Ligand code: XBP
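So this first bit is one chain, no partners, the form predicted on its own, shown in structure tokens.
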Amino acid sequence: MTTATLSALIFDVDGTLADTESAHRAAFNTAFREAGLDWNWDEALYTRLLEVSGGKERIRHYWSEVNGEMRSIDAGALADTVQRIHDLKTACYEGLVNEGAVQLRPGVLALIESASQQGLRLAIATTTSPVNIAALLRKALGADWKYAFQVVEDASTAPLKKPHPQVYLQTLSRMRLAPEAGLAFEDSGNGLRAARGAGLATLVTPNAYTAHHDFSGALRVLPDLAGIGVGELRAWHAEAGR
């Protein structure tokens, strides 16, 4: 990797900016009840299902597990059912966020503010839905949260889920940024592989749902971003370029 000055920070959302997964799990279970399903995703099951990126993809995956090879519903009807469940889940999750059930992880807000003040460009690269992103960041950063980020790539613009690098490649393209000049922030093995697949040095802050993942190739693996400043990021990024 060639040496380049750090000029941009690119953040994943779920699990990275905030510990969202417990709220997502609760919202899924509420949606299942409202849809008349007897499904219940406990922590162990949900941890396993997080290996599948994307909420609708996760529902489809579990549907195939519990139904085996049975084709009790045609493809179109299944897609409609999955969409309805996901819509219920999204509405429930937004309500939980608005009630204050989800907070930014330690150090995140301070780093965003200091990085912006020091001239670093900021972006979001996630394959979660735009509604989920807006609910979280509107609550955490205020109504003008989008102005903090030069680019926001999400499930609506990057349909290929992590570990595919599409969302990062599109972010880099829109920013006209060489990967050597950026630093990605992730919490999961799939996210790390997506960022590395786009050529980005990646700092990982695992959470309770992802601590068991393989983070080989990460620039640093930290418990959170508390006390981490732009100076440390520049120094670590420079190491990656040597």
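Don't overthink the numbering: it's just position in the shown sequence, from 1. Note that the structure is predicted; figures quoted are calculated from it, not measured.
The same protein also has a form predicted together with xylulose-1,5-bisphosphate, omitted here; what follows describes it.
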Heavy atoms within 4.5 Å of xylulose-1,5-bisphosphate in the model of the complex: which stretch among 30-38, 50-58, 211-219, 196-204?
-> 50-58
Should residue 46 be counted as a contact of xylulose-1,5-bisphosphate in the model of the complex, where contact means heavy atoms within 4.5 Å?
-> yes
According to a 4.5 angstroms non-hydrogen atom cut-off, is residue 105 in contact with xylulose-1,5-bisphosphate in the model of the complex?
-> no
Would residue 19 count as touching xylulose-1,5-bisphosphate in the model of the complex under a 4.5 Å heavy atom rule?
-> no
Does at least one non-hydrogen atom of residue 13 fall within 4.5 angstroms of xylulose-1,5-bisphosphate in the model of the complex?
-> yes
Heavy atom within 4.5 Å of xylulose-1,5-bisphosphate in the model of the complex: which residues of 112-148 qualify?
-> 126, 127, 128, 129, 132
